[in-house]
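What follows is a single chain, given as structure tokens, in the form predicted on its own.
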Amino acid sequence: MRVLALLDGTIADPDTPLVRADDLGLSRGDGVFESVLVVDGQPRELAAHLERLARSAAMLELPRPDLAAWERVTRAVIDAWPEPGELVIKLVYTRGPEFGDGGTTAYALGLSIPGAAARKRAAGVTAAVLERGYDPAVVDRAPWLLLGAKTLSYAVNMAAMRHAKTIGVDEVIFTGTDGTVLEGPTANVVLATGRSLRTPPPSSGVLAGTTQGALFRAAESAGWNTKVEPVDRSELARADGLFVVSSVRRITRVRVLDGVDLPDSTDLAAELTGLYESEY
């Protein structure tokens, strides 16, 4: 199921062409996006998603997005969605046609969430560690690499997920050339040890996670320690629990890493999921 809305809130036919063939979002990946989870009509972390959309747009030197308009178009999709339960809304913002009048392209697309996502949340996932090909030290001195921006240039991320399927695993965890943990192609990485949660810092070129942020706030309120700091590759298998965290995945445990069974974190995953859900 799909629901498409233009930035002015107009509901459009998702089967009718919307984007020009020379749109720079298509031809060069020159744009940004967000994926917002909606549960029973309530968008999760919408303000954080919109703030990140604005940060990503600034990194690409796109015109500053009208966040009030993006909030309204998100609500328009929700109001037009015909079923209860979950959906994900993709907010897409590009530089527009290469030979146009300088105007941007902007729309919101509501999509059903595949049933496999819920099954993986319950059963856990298998994962492999892959090198992302950059040293986190390059982030500050090479802003043109757009590390930490949520751009439409996801070809590498999708190639990593296809490679994961080829080698028979569900997920990927990227590392830098210095051996530190980064993120997944479409998720943040969280480690739990005792009553502490850790995640790699945005300064290493990873996206600041909206779901990860909500989890950490809830955990802190419940007395957990939370740290945003570098994590070495060797620490992944030693944690009490390893998780991939995103809007669609929510809190999903990794049960096998590089072919090795990890400690059973089923109960821990349930506890963290309960903390996350308590935010809503």
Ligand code: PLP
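Just count from 1 along the sequence shown to find any residue number. Nothing here was measured: the structure is a model prediction, and the numbers come from that model.
Unshown form predicted in complex with pyridoxal-5'-phosphate (PLP); subsequent notes refer to it.
Interface residue remark: R52 is counted as part of the site for pyridoxal-5'-phosphate (PLP) in the model of the complex, having a heavy atom within 4.5 Å. Although the partner is absent here, L207 is a contact residue: one of its heavy atoms lies within 4.5 angstroms of pyridoxal-5'-phosphate (PLP) in the model of the complex. In the model of the complex, none of the heavy atoms of V32 sits within 4.5 Å of a heavy atom of pyridoxal-5'-phosphate (PLP). By the criterion of a heavy atom within 4.5 Å, A187 is counted among the residues contacting pyridoxal-5'-phosphate (PLP) in the model of the complex. Think of it this way: in the model of the complex, pyridoxal-5'-phosphate (PLP) has a heavy atom of just one of N157, T177, S112, S196 within 4.5 Å, and the residue is N157. With the partner left out here, pyridoxal-5'-phosphate (PLP) still marks one of 245 to 253, 23 to 31, 229 to 237, 58 to 66 in the model of the complex; by a 4.5 Å heavy atom cut-off that stretch is 245 to 253.
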